[in-house]
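So this first bit is one chain, no partners, the form predicted alone, shown in structure tokens.
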Amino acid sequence: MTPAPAAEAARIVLEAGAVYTRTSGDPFFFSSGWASPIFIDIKRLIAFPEARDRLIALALARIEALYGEGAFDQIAGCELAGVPFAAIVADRLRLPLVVAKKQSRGFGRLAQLEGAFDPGARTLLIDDLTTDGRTKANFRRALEAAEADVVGVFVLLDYRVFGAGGDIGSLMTLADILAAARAHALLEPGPLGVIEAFAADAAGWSRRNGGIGGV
């Protein structure tokens, strides 16, 4: 049987060595403030052409399923990790690409963006992953301030354990990663059990391990 897209994507990420665990000692701390025993480095996939190409193919199919064909006038990539994936998607769809920057470094309507577009351009914002959606909200505000019509926000991975993430479409979630790890024995049972317990109460786990505990 052909695996579901999310399950296939999760296995690709695991087999690319993009999943790191710390189940003893200091946890990972995300820029959003969350503490976690698992870190998934989606941007590592850009170094593996075959895995990268398949991941992009799965993402394109998911994007079409979520938003429909021809829904966008341009693609926007989030500085920095989202840019390679956004660039490939834009190229495959033959659409213009802009880059949403973390901070304004220019002037005028496009001060927080690289590239150019007319007001009202239907835009899909792409990043590698999201924890609680707050960073993506900042990028979205930058696009909307430049008068883009942000039709959707899409990430390859949504952890989906840290509370409200807003209206963000994704190819896979942490649950998919853990399911694929268990199904194909791609993580050791001990660390996998710790991470599954974390996923069941990420806010509590983060708070107990020095991170934030809510949004």
Partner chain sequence: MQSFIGEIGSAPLLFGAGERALAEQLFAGLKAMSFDGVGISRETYGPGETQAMALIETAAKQHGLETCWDAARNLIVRLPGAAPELPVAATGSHVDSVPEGGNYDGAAGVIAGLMTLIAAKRLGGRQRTLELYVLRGEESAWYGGPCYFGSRALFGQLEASDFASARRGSDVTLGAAMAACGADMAALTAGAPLLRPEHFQAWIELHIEQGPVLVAKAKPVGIVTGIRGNVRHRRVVCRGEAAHSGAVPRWLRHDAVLAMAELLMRIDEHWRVLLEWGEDLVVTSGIVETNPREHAVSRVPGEVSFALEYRSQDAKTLQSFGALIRSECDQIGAKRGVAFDLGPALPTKPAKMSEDLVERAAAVAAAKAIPAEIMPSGAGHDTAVFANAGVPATMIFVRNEHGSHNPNEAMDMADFFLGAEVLGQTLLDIAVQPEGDRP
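Everything quoted here is computed from the prediction, not taken from an experiment. Numbering follows the first chain given and starts at 1.
Unshown form predicted in complex with its partner chain; subsequent notes refer to it.
- In short, of 67 to 75, 101 to 109, 117 to 125, 80 to 88 it is 101 to 109 that has heavy atoms within 4.5 Å of its partner chain in the predicted bound form.
- Although the partner is absent from this view, residue 210 contacts its partner chain in the predicted bound form, with a non-hydrogen atom inside 4.5 angstroms.
- Contact between residue 33 and its partner chain in the predicted bound form is found at the 4.5 Å heavy atom cutoff.
- Contact check for residue 48: every heavy atom lies farther than 4.5 Å from its partner chain in the predicted bound form.
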